[in-house]
Structures are given as structure tokens and as C-alpha cells.
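Have a look below at one chain only, the form predicted alone, in C-alpha cells format.
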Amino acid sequence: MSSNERMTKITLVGTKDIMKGTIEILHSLKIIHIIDFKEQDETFEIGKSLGEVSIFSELLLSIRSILSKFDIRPDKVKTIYIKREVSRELEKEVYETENTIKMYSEKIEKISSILKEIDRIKSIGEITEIGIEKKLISSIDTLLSSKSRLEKQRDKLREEMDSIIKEKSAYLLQYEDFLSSEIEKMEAPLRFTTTKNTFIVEGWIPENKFQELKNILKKKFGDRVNLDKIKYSDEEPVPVEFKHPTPVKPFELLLELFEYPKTREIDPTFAIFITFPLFYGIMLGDIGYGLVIFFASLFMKTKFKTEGWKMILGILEYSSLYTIAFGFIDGEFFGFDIFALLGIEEIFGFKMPILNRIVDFMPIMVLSISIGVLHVLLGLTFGFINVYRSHNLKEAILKKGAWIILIFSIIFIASSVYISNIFLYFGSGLLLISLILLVVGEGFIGLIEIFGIMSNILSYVRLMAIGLSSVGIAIVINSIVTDIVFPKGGIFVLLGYSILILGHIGNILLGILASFLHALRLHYVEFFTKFYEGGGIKYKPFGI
């Protein structure tokens, strides 16, 4: 059930004369998650940084100040750039660019201040009759008449400054990239263990990269470096590197917002990939709303390039497909009964819509609770596997198996009302077994927790409740417009369309937020608590 990269703990020992070269190799490969050395003694101490980090840091600070002030980002720069060595020319160019932009900014700011004062003088009104000397009045008139000239000068300065920024953007990004990389390499020894003549690097790498790294180091440095695997305890945190297929990757964000899984824990990302959009679609369930969210997500992906935004929009994009699918089941298009409007009564022998969320109250509630039962059972099954891996089969049965048997006993007892009394007897037997196991495994407190798990399952009724509130608002908006506003005719028709557009935009935004938060809650509270501890750490290779 694990979809994580297998990691191995390594220790790398080398002579100090090859430390810089080793850092270069590790930085270029980008595979080692370094464990920082902290405990010093007489023999082992933290290494010292290489070179003058302060000069590089000062340069980097200046560049980032310019980049942030003028919102320069890689996606805005079309020029392809390569790294360039830090030199006096680079340092000089950065500071000259900074001073030039600063000079232009100061001039523009001064002209803007003068223009504000001119506007204040104009607001005073007529000043010829208050006893001011003619020479002074003439000077003020000259100042007032210079406004348009000053505005042109300010605009010209802005154009010149923008041109310089545009010209230097690619280089500034190039320098930032290179300096960040160099500073990371120069500060790397601060994370190493060192002695008088050697350095030691401890960390984690993907298991399948070990031999590759060993061969590269041996070829470059021979016997002056040694790379070995080292044993580690089950309690030691191992960095987690996901390896999910592309459609599943956005849902990693939901784990990052919570906690990374421990190494031996089941990674629930794929399960979330199935259930999160399902819950979202059940709650929102409207063809029109789903289409709006789908195309809005595609559009926003072209505007927001950061990894976080890509993940959020990927989740919304995928969830919108479920929203459209359940919109067909519910027959809803912006709150209207789409099949009634089109005059469609049946599709492939199925009466349309299959479910009406306003009329079919009980079937939808039963569906919601049934989904809750399955989701909680899935969580308990994952929990059973986790406990079995960490302890043994007996512990897994007492801790998680008892709850699974309890839920199945309730299912059989409830089914006996509609099927056969045999299910009642079988369910009662399972109930007795589960109660005994709960008392043995968790004590009498386990019996009290039965109410908690029942509460968890009933919490899934929100799938129905949020859906009802969403369609209810849509119907109210449509009714106000079609029954009250449109019949008045004239300009009220235009007003009606405005109400429809604004009303449904508001309901879509509310639906996006409510569906997302409640689907998240069902996973974090009802699902994760059955098996998930978290507490893992993210794999952060040196050089990324």
C-alpha cells in the first residue's frame, strides 16, 4: 500500500581537501537529504562555511529587493539564461542596476510630490484678490501651467526605468539563481560533522541511487572518500518522498496541510484521490456549476504558476468532473431541472433525473450514511494493516478488528428488517464478539467510544445537507427571477439576468468553499483518526 520512495540511511566520510569537490557533486545530483549535525564535543565539531558568504548574501539581498519591488518572476521573462560565475563585473553590474533604479525612483517620487502640491494650490481657487504680489502670482501661474510638462517628464522616466528593468530582468534572475545555489554550497559544512582532517555527512538517499552515488565518488576521489549504508531504528523518522502518478499528485497537498505519513504507515493519497472529489461532487452536484469550476480552474492555471496553486486548482479541476457527473444524476443545471427543460424523461431506460435532491430526501440520506460506513470501514482497515505492521495480528484484531466487526454487526442487524431474521441472529452474534474484543483490547472505555464512531458515521449526513443548501439557494434565485422579476418586463428583464448571474456566482463561490471544507473535514476527522498518525518528514534533497 506504500507509494513512497524507499530510503536508505548513509554516512559519507572524506578528507577535508576533497570536501568542496564532494559538496559540488552532492549539490549537482540533488539526492541526499542531509541530517544536520548538532552535538559537538572535543573530537567532533560543526564545520565552517566556505568562502565569504557575507558578500554573496549582500548581493543576493540587493537582487531580491529589486525582484520583489518590481514583481519580476521567471514566468514573465522570455529570455533563456544560463548560470554565470560570480565576479567583480557581476557585483558591479548588480550595484549599478540597483543605484540606477533607485535614482529613477527618487526622481519619479519627487515629480509626483510636486504634482500633488500643484493640485492642492489649484484647489484653493482664485488668489488674485487676497493681496499677494503680482510677481508671486505670476510664479504660481507658471508652476500651475507646468503640470502637463511635469506629467510627461514623469511618464518618460517611468518608461526609461521599465526599459532598464525589462533589460536586466533575465540577468537578475540568473544572478539570484546562481547566488542562492552558491550560498547553499558554501554553508553546507555548517551541517557536517568535522574533525581535524576529515568531514562526515550523514543523511538519507533513495535506495536505488546508492550505488550510483558510490560509483561517482569512487571515480572522482578514490580511497579518499567512503560511502556506507548504516542501520537505523524503526522509531527514527525517515524522509518521505511520494511517487504518485500525475493525476494523484495534486492531492498530496491535503497531506502536506495535515502531516506527512510515517515510513511504515499507509499513504492515503490515492484513497483521497478517489473519495475527496466524490464527496465534493455529491455536495455541489450541478452541471452548470461544475462546468464553471472546470473552465475557471483551467484558466487560473495559466495565471498562477506556483506549485501550491497548481495543486489546489488540480483538486478543483478533478472535483468539478464529479460535480458535473452528479449534476446529471440530480438533473441540475444552475438549479434548473435540465431534463424537464429539454423534455427528456428517460435515458437508456432510466427515469431522469435519477435522484431529485429536494424530493428524494430519504434515499439521499441513506446514500450519505452508507458512504460514511464504507469510508470509516476503509479507515479502520488501513488502521488494521498499520497496527499489524507495527505490532502483531492479535494487537491489530483488538485495536481495529473489533471496530470493523462492530460495524458489520450493525449492518447485518439493520439489514434484517428488509431481508431475513437470519441476518438479525448473525449480526447479534457479531455484536457480542465485537463488544468482548473491545473490552479486552481497550477496556470498558471502548464501549463508551461506540457512540463516537456512530457520531463519525452520522457526520456523513452533511453530504446531503450541504447539497440541499446549495440547490435550495439556486432554486430561490431562479424563482425570484422567473416568478417575480421577469414578469414585470422592460428593464426588469435586464435586472433579472443581473440577479441570476450575480446570485449564481455567489452560490458557486459559497459551494466551492463549503464543499471543499466539509470534504476536508470528513477526511481529517472521520477518516484519518481511524488509522493515521502522521509525523513524517518531507524529503528535501540538498541542491533543490
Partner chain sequence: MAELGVIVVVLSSVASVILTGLAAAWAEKHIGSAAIGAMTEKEELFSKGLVLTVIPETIVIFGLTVSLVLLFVVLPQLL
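Everything quoted here is computed from the prediction, not taken from an experiment. Positions refer to the first chain, counted from 1.
Separately, the form predicted together with the partner chain exists; it is not shown, and the next lines address it.
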- Does at least one non-hydrogen atom of V201 fall within 4.5 angstroms of the partner chain in the predicted bound form? no
- Message: Against the partner chain in the predicted bound form, would V13 count as a contact residue? Criterion: heavy atoms within 4.5 Å.
- Response: no
- Indicate whether the partner chain has at least one heavy atom within 4.5 Å of a heavy atom of Q174 in the predicted bound form. no
- Query: Is there a heavy atom of F258 lying 4.5 Å or less from a heavy atom of the partner chain in the predicted bound form?
  - Reply: yes
- Message: Check for me whether the partner chain, as it appears in the predicted bound form, comes within 4.5 angstroms of all of M464, L520 and V525 - heavy atoms only.
- Response: yes
- Interface residue in the predicted bound form among S455, T306, Q211, T246, criterion: non-hydrogen atom within 4.5 angstroms of the partner chain: S455
- Note on the structure: in the predicted bound form, the residue from I422, I445, I230, M362 with a non-hydrogen atom within 4.5 Å of the partner chain is M362
- Per-stretch contact check against the partner chain in the predicted bound form, the hit in 397 to 405, 362 to 370, 111 to 119, 292 to 300 (non-hydrogen atom, 4.5 angstroms): 362 to 370
- Item | Contacts with the partner chain in the predicted bound form - residues in 413 to 444 whose heavy atoms fall within 4.5 Å | none
